[in-house]
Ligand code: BG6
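Only one chain comes next, encoded as structure tokens, the form predicted alone.
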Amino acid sequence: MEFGMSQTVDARHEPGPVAFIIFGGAGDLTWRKLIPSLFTLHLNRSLPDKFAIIGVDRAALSDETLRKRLHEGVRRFSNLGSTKAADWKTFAAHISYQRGDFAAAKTYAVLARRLAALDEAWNAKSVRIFHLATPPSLIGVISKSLSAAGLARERQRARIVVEKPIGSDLESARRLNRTLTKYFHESQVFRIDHYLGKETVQNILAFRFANPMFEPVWNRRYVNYVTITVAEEVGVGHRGKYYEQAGELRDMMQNHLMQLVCLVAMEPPVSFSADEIRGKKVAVLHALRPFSHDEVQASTVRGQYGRGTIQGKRVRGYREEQDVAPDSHTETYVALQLFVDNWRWQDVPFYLRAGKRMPRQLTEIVIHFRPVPHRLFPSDAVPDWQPTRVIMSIQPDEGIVLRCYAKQPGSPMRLRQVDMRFSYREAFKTPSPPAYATLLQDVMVNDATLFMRNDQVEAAWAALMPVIDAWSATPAGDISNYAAGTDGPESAKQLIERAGHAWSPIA
């Protein structure tokens, strides 16, 4: 079985022999995400018979030592449950390790010889996927070295996968994109955002464009406002050093939430081609109403979690986390009000919020429809009138809910809200595939639909640069303004309630 969008790819584009070269092969991302996802593809027969995984890193490791570590990662992080020893043994035989300095030409010369030997053994020219599971500072070094070794030359078989963050602001994103496209053609570059590999994120397109009853009301005439929430129960953990430089706006808002805005607000594409869909997303970003300095103050909220209680357990505040400054003003919570200035969405507010140390993990999009123009039912029939909503739950309960009114049994007339529910697990009797599995398979078949194009990355940064600049110029006062385990700062509630709107509860 194939996963995600790649299910629509023509059988003529099934991958032939493929080599995955993971720079940072001994690192955390490889251990937690990449190898468990590749193993899932292997078990589902989505990898070709001829494949190789080469981990490249600085550590002194043997092939067997790396395999044992990666096997532990599969046991801990795979959604497959227990795995058969024979299945892992077959898969692990395709994994090897190469120790090397990422800046040394010798590393790439050795790699080129190894890849040439694989092609000779397979009697075919393999697809070569260079996955940079490394800090962003190494992207330029690695891409330049791959090009110098002749490994970027053939567009149809050489592909480079780059993890977020793509820059830390607009100018750094532009520099990074210029570097990548200096050594690789844009068609070879896959900028990965794992949120786009989630089944329920992809289902936004299916829900909107495969069901004729929803698209006609997906506009300003019928939609009152939209809320998008990404709540994380966890704190920053061991990422304090990175997070102090990034903050929630850069870490979550610029990529994950802006991608969700694009999927909700984009115009219908004329085809399912990668460039057509990505072009529609970019159009949304270009239509975002620019923030003036005064609007930043009125339309944004930032916060930082303090000590609190989550699931009955006391947790420390952000400033007490490892590698975090005791007087840090880095935001761990962001709420924004956006407007998409086009014919479909003019003056419909999009409210976005993302935060750490929330009461629970939750990612959802809620479409709040306008109230009925005339309430013909008596007031006591609906004591607490609520708008009709479509709730797209991305995690943890994957599904879509239409929340509407129905009459309660009996007399007199009483209405109450009921849910018409689609559950991914119940409908398909199978767990969702890992997001990375979907995306890695799409790289194999050269389907870039779910990956960010360079202009999309830059447009997302451009939209948020006024916020970044204003916040940099005006440091927050008492930013440690919400306790861990709560819904966030009180000012975030005021942001949405002043227009008569409301967030959905997180707890």
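Numbers follow the displayed sequence, beginning with 1. Since this is a predicted model, take the numbers as computed values, not measurements.
What comes next is about the form predicted together with ligand BG6, which does not appear here.
Among the candidate residues Glu321, Glu232, Asp169, Glu199, which is the single one with a non-hydrogen atom no more than 4.5 Å from ligand BG6 in the predicted bound form?
Residue within 4.5 Å of the partner: Glu232.
Considering ligand BG6 in the predicted bound form, which of Leu288, Ile160, Met252, Leu263 comes within 4.5 Å of it through any heavy atom?
None of the other options qualify; the answer is Met252.
Would Gln408 count as a contact of ligand BG6 in the predicted bound form, using a 4.5 angstroms cut-off between non-hydrogen atoms?
The answer is no: Gln408 has no heavy atom within 4.5 Å of ligand BG6.
Answer yes if any heavy atom of Lys356 is within 4.5 Å of a heavy atom of ligand BG6 in the predicted bound form; otherwise answer no.
Output for Lys356 is yes: heavy atoms within 4.5 Å of ligand BG6.
So in the predicted bound form, does Phe214 come within 4.5 Å of ligand BG6, heavy atom to heavy atom?
Output for Phe214 is no: heavy atoms all beyond 4.5 Å of ligand BG6.
Look up in the predicted bound form whether Lys144 has a non-hydrogen atom within 4.5 angstroms of ligand BG6, and give yes or no.
No.
Thinking of ligand BG6 in the predicted bound form, which stretch from 110-118, 148-156, 239-247, 280-288 has heavy atoms inside 4.5 Å of it?
Going by heavy atoms within 4.5 Å, the stretch is 239-247.
Taking ligand BG6 in the predicted bound form, would Lys164, His194 and Gln395 all count as contacting it (heavy atom within 4.5 Å)?
All three within 4.5 Å in the predicted bound form.
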